[in-house]
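Listed next as structure tokens is one chain, alone, in the form predicted alone.
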């Protein structure tokens, strides 16, 4: 009887300790917390610095600084960057359109097709592509890819000029220095980011789910289309948004392959018109007056906010996707 009563007696639950208890855990927790705090402090200090330096230009130009299309700091004193903002968005969108299919295909190949050794080699090569400096890709784009992209632009204009985005006002002027070429350069730069996130999401997918679909007679194409993509869509979207953040802030590579123009290029991708905020800063900063420096800082502040919002959104989507796949 006593044994039965002991068995039926309520058991006290062990309390899980959330704080580190050992010396090693305390040191590790302190170091990681300090590192995270330093990163947050640095971003905050950069934001404060940009606000202080950009304040004169923002006060003088007002809301037209973002929505106007004239840049003449030495003459009329007007500084407006909407063509550069629109150009950054167009180039980033083109880069994502070009890069996303390549990244998803590469991630699928690494996770589901290649063997372990070949997969490790492919992963290393993709990561090396991410480590290439922007100036190297910019020079490659200028001297190697631009003639190829120009030929592609001519083909698109020849056969699809009935579509407004592929129309060119002056064919004799060529197809160089266009958003189309800049978009391809940006795509090459963001493929590793999207591939890395997509590969991580694919690797967390339940293989029994795929095995069951194969056992029921599903083809690899149908499994990819109906199971893998829907299940991993949030994670892929997060990787794409991270790529957009990188594309919006790209500077040197676009500077080499795209001529800056304050004529708003609304939709003609093959025209040698357009620009990007980051490339404008690079092109003008060395010879800028104090007033123009303030305007360039304000331009940097605008692209900083846009990129920050996109990165926050991407991190949230990726985190939710990882929680869902578990």
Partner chain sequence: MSQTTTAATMHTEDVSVWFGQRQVLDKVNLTFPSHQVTALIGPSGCGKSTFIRTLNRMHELIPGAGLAGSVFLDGGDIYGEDVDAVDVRINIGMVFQKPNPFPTMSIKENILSGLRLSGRKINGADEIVETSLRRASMWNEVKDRLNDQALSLSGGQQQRLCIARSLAMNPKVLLMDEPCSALDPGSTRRIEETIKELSSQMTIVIVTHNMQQAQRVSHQTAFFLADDNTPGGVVEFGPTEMVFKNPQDPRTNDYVNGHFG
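If you're wondering where the values come from, they're calculated on a predicted model, not measured in any experiment. Positions refer to the first chain, counted from 1.
There is another form of this protein, the form predicted together with its partner chain, and it is not shown here; the text below is about that form.
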**Message:** I'd like to know if residue 211 sits close to its partner chain in the model of the complex, meaning any non-hydrogen atom pair within 4.5 angstroms.
**Reply:** yes
**Message:** Please determine whether residue 230 contacts its partner chain in the model of the complex, using a 4.5 Å cut-off between heavy atoms.
**Reply:** yes
**Prompt:** Using 4.5 Å between non-hydrogen atoms, is residue 172 touching its partner chain in the model of the complex?
**Reply:** no
**Prompt:** Taking heavy atoms and a 4.5 Å cut-off, does residue 222 contact its partner chain in the model of the complex?
**Reply:** yes
**Prompt:** Which pick from 204, 226, 158, 120 sits with a heavy atom within 4.5 Å of its partner chain in the model of the complex?
**Reply:** 226
**Item:** Among 91-99, 177-185, 230-238, 194-202, the region lying within 4.5 Å of its partner chain in the model of the complex by heavy atom distance
**Value:** 230-238
